[in-house]
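Starting off, we have a lone chain in the form predicted on its own, written out as structure tokens.
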Amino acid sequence: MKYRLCYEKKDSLIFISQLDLQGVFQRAFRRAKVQLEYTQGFHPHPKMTYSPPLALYVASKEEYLDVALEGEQDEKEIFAKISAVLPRDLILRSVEALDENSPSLPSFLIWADYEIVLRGEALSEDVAKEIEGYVLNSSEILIQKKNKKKQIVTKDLRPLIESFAAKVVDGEIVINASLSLLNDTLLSPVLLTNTIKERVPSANHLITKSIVKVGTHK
């Protein structure tokens, strides 16, 4: 039986990798004595599918894990058992039983909604407008990066940004952006923020205070 877990990752756990997070969940299921279903073959592993990995230092209020368990189990019981053994900064929000018609995670998660907070001296609405204008008025935002084959390729970030807004709140710049979450076109908010800092003159001195993934949508 498959289940979809929604969880929140914050504070101390923004410093661990996706691989470490997978280990945390596997240990939690063992400690909670909730039996995972495993693949067949010489190297069996748990049938667990995660949301696309977050960049380091990015918190999230809405991440997902699809997991296959042995037999049918009560959702409330799974929630209670797993919640009791998770680390303090990893918070289980819900457990939902899936049927054969339930959408897979890749089709369910298309856009990620982020709140990015930047701080610096003498911030004004003009700075926020310059940042917002750069993103929204650019027909393309080209960067160069290495692909998996270590080759330098050009990538356009603009089609990967569904919405973008920047404003000054309590002396800090708050950016709300919806970025692609699809595996082949995933846009890291860290990459976007660094690109903005490099290319918007008034943003060169800004420091990233926090990045939080606040939700997802289709």
Partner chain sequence: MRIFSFKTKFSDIIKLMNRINITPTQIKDTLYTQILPEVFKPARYTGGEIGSKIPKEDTEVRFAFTFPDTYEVGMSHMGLKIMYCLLNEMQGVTCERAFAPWEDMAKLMRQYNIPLYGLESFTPLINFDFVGFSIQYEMCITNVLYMLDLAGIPFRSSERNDFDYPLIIAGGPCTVNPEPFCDIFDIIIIGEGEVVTPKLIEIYKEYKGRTKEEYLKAIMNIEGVYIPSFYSVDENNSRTALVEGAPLEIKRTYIPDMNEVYYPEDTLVPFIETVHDRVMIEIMRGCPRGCRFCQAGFIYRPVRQKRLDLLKKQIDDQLTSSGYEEISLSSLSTTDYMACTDAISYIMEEYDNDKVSISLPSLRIDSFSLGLVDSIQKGRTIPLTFAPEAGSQRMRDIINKNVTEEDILSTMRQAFENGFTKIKLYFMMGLPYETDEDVLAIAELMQKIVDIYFELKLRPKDLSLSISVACFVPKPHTPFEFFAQDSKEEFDRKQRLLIENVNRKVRLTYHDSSLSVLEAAFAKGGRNLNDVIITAYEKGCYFDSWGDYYKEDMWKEAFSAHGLDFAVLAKREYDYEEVTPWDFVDIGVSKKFLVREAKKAEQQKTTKNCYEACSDCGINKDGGKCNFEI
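Keep in mind the model is a prediction, meaning the values are calculated, not measured. Numbering follows the first chain given and starts at 1.
Although it is not shown, the form predicted together with its partner chain is what the next lines describe.
Listed residue that, although its partner chain is not shown, lies within 4.5 Å of it in the predicted bound form (heavy atoms), from 85, 91, 110, 97:
Going through each option in turn, the one that passes is 85.
TODO: Answer for residue 33 alone: is it within 4.5 Å of its partner chain in the predicted bound form, judged on heavy atom distances?
DONE: Residue-level check for residue 33: yes, a contact with its partner chain.
Next on the checklist: Taking its partner chain as it sits in the predicted bound form, is residue 16 near enough to touch it, meaning that at least one heavy atom pair lies within 4.5 angstroms?
Outcome noted: Yes, contact at 4.5 Å.
Q.
Considering non-hydrogen atoms and a 4.5 Å limit, does its partner chain approach residue 149 in the predicted bound form?
A. It does not: once its partner chain is placed as it appears in the predicted bound form, residue 149 has no heavy atom within 4.5 Å of it.
4.5 angstroms heavy atom contact with its partner chain in the predicted bound form for residue 145 | No, residue 145 sits far enough from its partner chain in the predicted bound form that none of its heavy atoms falls within 4.5 Å.
Item to complete: Have a look at 177-185, 36-44, 61-69, 157-165 and name the one stretch with heavy atoms inside 4.5 Å of its partner chain in the predicted bound form.
Response: Within 4.5 Å of the partner lies stretch 36-44.
### Query
Though the partner is not shown here, which residues of 48-81 have a heavy atom within 4.5 Å of its partner chain in the predicted bound form?
Only a single residue, 57, comes within 4.5 Å of the partner.
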